[in-house]
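This document starts with one chain, in the form predicted alone, laid out as structure tokens.
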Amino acid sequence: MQASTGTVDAAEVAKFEAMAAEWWDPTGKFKPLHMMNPVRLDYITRQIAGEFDRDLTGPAPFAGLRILDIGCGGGLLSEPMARLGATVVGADAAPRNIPVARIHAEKSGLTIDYRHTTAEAMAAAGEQFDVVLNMEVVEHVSDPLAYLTACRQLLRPGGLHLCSTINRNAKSYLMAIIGAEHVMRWLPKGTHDWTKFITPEELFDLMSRAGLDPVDRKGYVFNPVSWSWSISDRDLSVNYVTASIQRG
């Protein structure tokens, strides 16, 4: 399936196209995501388990759940969801990401339905999911409200929407732009546009206007001393994640 236009920003897609081959290199351009992935997965799995009453210590705890990883990239989140027993669709507007994700899943013995498509195209086709993972994508689209509305349309009543992004303030400019792109050179310069960052209050408002019911938000906090990430109830100053429900 080919990606349609809509909220896709062609310039943003091109940035990630250029880095597609490095998705699974933990020391490459996606090093920040590899470092953050354990805390992302901790939040995601706990939220899904809580919403759908699943025991994470049991075998295949997400069996029977259909999960969409929108903006899946190379599959850093799609693969763990598949290992937990979910039926997973990974979608990305950048076509070069899809073969990278497919090859890695095949080598890992995982069955994941990877597609070059968009949230809008899938919503128009009537696709429905129990969970939509919308991680580090909303700051790259041209129309966040239209995009979040499409994500809501993709959820079954009672479905769970998990969305992470970057706050917009002086600290996030220092950490995500100056620090990550210019000093540490974890990401190519220009990967992020600070003016497209979204505050937690703005994101909650957008989700409500899109028809979602926001129920939780947490911060991802980087500790430069221990060189590790943790989840915070209070510090949402840079990276943060939200949970919302499709009430139907």
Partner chain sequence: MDNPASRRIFAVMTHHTDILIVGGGLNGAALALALSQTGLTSVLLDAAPRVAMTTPGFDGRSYALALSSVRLLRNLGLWSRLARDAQPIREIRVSDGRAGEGPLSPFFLQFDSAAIDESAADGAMGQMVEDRHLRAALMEAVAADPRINARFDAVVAAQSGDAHSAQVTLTDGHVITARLLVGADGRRSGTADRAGIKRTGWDYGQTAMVCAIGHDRAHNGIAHQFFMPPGPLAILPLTGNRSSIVWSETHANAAAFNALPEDAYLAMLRPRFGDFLGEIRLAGARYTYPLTLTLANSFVAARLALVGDAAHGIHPIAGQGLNAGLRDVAALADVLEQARARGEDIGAADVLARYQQWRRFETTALAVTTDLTNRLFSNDNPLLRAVRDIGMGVVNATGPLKRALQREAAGVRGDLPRLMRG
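Numbering follows the first chain given and starts at 1. As the structure is a computational prediction, the values presented were derived from the model and not from experiment.
Separately, the form predicted together with the partner chain exists; it is not shown, and the next lines address it.
This chain lacks the partner; the member of 66, 29, 34, 54 within 4.5 angstroms of the partner chain in the model of the complex by a non-hydrogen atom is 34.
Taking a 4.5 Å heavy atom cutoff to the partner chain in the model of the complex, the contact residue among 216, 213, 193, 42 is 42.
The stretch from 153 to 161, 83 to 91, 119 to 127, 139 to 147 that comes within 4.5 Å of the partner chain in the model of the complex, counting heavy atoms only, is 83 to 91.
When the partner chain is considered in the model of the complex, residue 108 lines it closely, a heavy atom lying within 4.5 Å. Contact between residue 38 and the partner chain in the model of the complex is found at the 4.5 Å heavy atom cutoff.
The partner chain in the model of the complex comes within 4.5 Å of a heavy atom belonging to residue 58. The partner chain in the model of the complex comes within 4.5 Å of a heavy atom belonging to residue 104.
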